[in-house]
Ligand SMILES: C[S@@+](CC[C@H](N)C(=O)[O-])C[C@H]1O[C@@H](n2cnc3c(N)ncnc32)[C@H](O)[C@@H]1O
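One chain follows as structure tokens, the form predicted alone.
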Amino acid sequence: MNELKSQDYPYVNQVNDDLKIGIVKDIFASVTDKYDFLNRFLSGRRDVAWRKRTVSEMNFFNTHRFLDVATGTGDLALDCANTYPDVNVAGVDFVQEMLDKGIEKVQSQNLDERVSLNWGDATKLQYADNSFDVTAMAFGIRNIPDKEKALSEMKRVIIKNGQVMVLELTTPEPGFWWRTYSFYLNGVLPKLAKLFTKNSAAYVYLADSIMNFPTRKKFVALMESVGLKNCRVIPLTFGVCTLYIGTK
């Protein structure tokens, strides 16, 4: 694929799967140095609370192993490792620049023996069936074109009664909060991002990806279509983020 320029990012619903993957790689490679800071700043540090809530819902009962899919800079993997001292954690991502930053964080927290971050494709996980108690993905699945395949892979690698968890930025129900959030995403967020990153267009694209993410009802239906059971939906912060949990 030809190198993308920030001003060339099209709308999410105007690109094919291959181009979408290329755009996502380009975006995250270009904002890696500011990624953690912007996550905290643009969410008012709510991203920290959302991950903590996700970790609090995890249930380790057999393998005591956790897989963080689309781990990015490793925040969810590290939160899990710090919360559950007896759990070993693996993380995968397909953007090497993000992984490198995550590996630095693992080393700085002296968690090398329990946390391993490696390059990997969410739709082709290089792990055996029934290897983990829990798999999770935080703020990643909206950027994966084949969401069904990613969910199927996450289900495959957990044991029976294990959990698949998806934490994702969503939109509130129609009404005041939806209008407010839409204005923030499309009007305010890109301007704030422009103050801190050379590729502010990345946040225009990411805002568009949030607005085009399936509704809660549709996403639960997708989880159920791959065989996940007892699916739960936990809206967070007026619905601007949602935690989905299903079991195998």
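The structure displayed is predicted, hence computed values, not measured ones. Numbering starts at 1 and follows the sequence shown.
Beyond what is shown, the protein has a form predicted in complex with the ligand; the following relates to that form.
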{"property": "The ligand contact at residue 143 in the model of the complex, heavy atom, 4.5 Å", "result": "yes"}
{"property": "Contact label in the model of the complex: residue 157 to the ligand, heavy atom within 4.5 Å", "result": "no"}
{"property": "Non-hydrogen atom contact residue 39 with the ligand in the model of the complex at 4.5 angstroms", "result": "yes"}
{"property": "4.5 Å heavy atom contact, residue 67 to the ligand in the model of the complex", "result": "no"}
{"property": "Contact at 51, 71 and 139 by the ligand in the model of the complex, all three, heavy atom at most 4.5 Å", "result": "yes"}
{"property": "Listed residue (173, 104, 121, 148) with a non-hydrogen atom within 4.5 angstroms of the ligand in the model of the complex", "result": "121"}
{"property": "Among the candidates 165, 90, 95, 81, the residue which, in the model of the complex, approaches the ligand to within 4.5 Å (heavy atoms)", "result": "95"}
{"property": "Per-stretch contact check against the ligand in the model of the complex, the hit in 81-89, 157-165, 113-121, 127-135 (non-hydrogen atom, 4.5 angstroms)", "result": "113-121"}
{"property": "Residues in 213-248 with any heavy atom within 4.5 Å of the ligand in the model of the complex", "result": "none"}
